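The chain below stands alone and is given as structure tokens, in the form predicted on its own.
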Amino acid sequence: MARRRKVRRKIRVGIIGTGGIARAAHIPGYQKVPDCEVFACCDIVKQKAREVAKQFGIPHVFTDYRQMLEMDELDAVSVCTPNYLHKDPTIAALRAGKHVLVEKPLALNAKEGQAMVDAAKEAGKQLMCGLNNRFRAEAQALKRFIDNGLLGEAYYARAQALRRRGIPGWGVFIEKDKQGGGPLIDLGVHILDLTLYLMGYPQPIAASGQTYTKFGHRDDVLGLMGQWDPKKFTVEDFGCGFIRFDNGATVYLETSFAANLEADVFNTVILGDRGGCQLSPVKMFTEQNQTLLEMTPTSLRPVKTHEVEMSLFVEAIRNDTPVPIPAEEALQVTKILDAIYQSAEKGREVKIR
């Protein structure tokens, strides 16, 4: 007699905020995960929510996330709102007994992020941050080699997320009260997390930095990502920082929405006492038998990082195992970014607690 195949219960997910990242990443990502269903979506603009529900076949639509969170059927939610609206829906969802995947950055600032982390611990629920670049094939290849001792002691890194002309012409990316900042918090959060992930996430102790606004206020600058309103531009368009860690390591971070350079850059270079590496193009450097070697991984399969992100989040919920991007690590990044912004205002190094 043939054995019956055990049917796994579906993990049901709700979406809070139906903008671009929900449509392009979260919803299609979940729909690729076996035994997972996007069961509800919510947006304060009813028409947007209805359009998304129709497009993706989502059965339940809300304009108030609190009402959506009353659904016992939901196991988890994705928070896909602008940065200033990350905290309240996340905490409400956790207290309602739902696991949460919140888009990057974790929060508008570290104070809000800490409240979210505390709420997850109190509720006994998973809280993950959407720092999907960790799942790039190049990053995973480097991580495997680093974890096996390629670098030895990683003591310095230079992390860059630079756009030549990439000021967003949509959303609230240029409004500080809603976004928290410019390229540092929007782009820097990705490359900084990836760098610290590869380095084993050392504990930051202090940071210094500077921010500049040289393009955003002007109406004569080309907008390759749509033309923005210079009158609304209240964030930096270039930001940099120098971060010190408790193990003696240091990281230099550079970010821009606009800068006069040859091309866009998304790269990290990490130096260790036994070897070094870079992300883009992916290479590793070492010495053996008094001979300098350069290694280039080949045949790396392309990865749809958001699909991996949603899949691993769902599997962590299903198996009651830790999420791959814990909120505590995302909070460390937020603390560092806070310190860089504070340093730029105060003109001195700022300690990180």
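Note that residue numbering follows the sequence shown and begins at 1. Note that this is a predicted model, so its numbers are computed, not measured.
If you look for the form predicted together with a small molecule, you will not find it shown, but the lines that follow are about it.
S.K.: Among 61, 323, 44, 308, which has any heavy atom within 4.5 Å of the small molecule in the model of the complex?
M.R.: Comparing distances to the small molecule in the model of the complex, the residue within 4.5 Å is 44.
S.K.: Can you pick the one in 109, 126, 160, 81 that has a heavy atom within 4.5 Å of the small molecule in the model of the complex?
M.R.: By the 4.5 Å heavy-atom cutoff, the listed residue in contact is 81.
S.K.: With the partner left out of view, is residue 282 within 4.5 angstroms of the small molecule in the model of the complex by any non-hydrogen atom?
M.R.: No.
S.K.: Although the partner isn't part of this model, could you tell me whether residue 190 comes within 4.5 Å of the small molecule in the model of the complex, counting any heavy atom of the residue?
M.R.: Taking the distances in the model of the complex, the answer for residue 190 is yes, it comes within 4.5 Å of the small molecule.
S.K.: Is there a non-hydrogen atom of residue 130 within 4.5 angstroms of a non-hydrogen atom of the small molecule in the model of the complex?
M.R.: Yes, residue 130 sits close enough to the small molecule in the model of the complex that at least one of its heavy atoms falls within 4.5 Å.
S.K.: Taking heavy atoms and a 4.5 Å cut-off, does residue 18 contact the small molecule in the model of the complex?
M.R.: Looking in the model of the complex, residue contacts with the small molecule include residue 18, since a heavy atom lies within 4.5 Å.
S.K.: At 4.5 Å between heavy atoms, only one of the stretches 203 to 211, 216 to 224, 264 to 272, 130 to 138 reaches the small molecule in the model of the complex; which one is it?
M.R.: Careful reading of the contacts points to 130 to 138.
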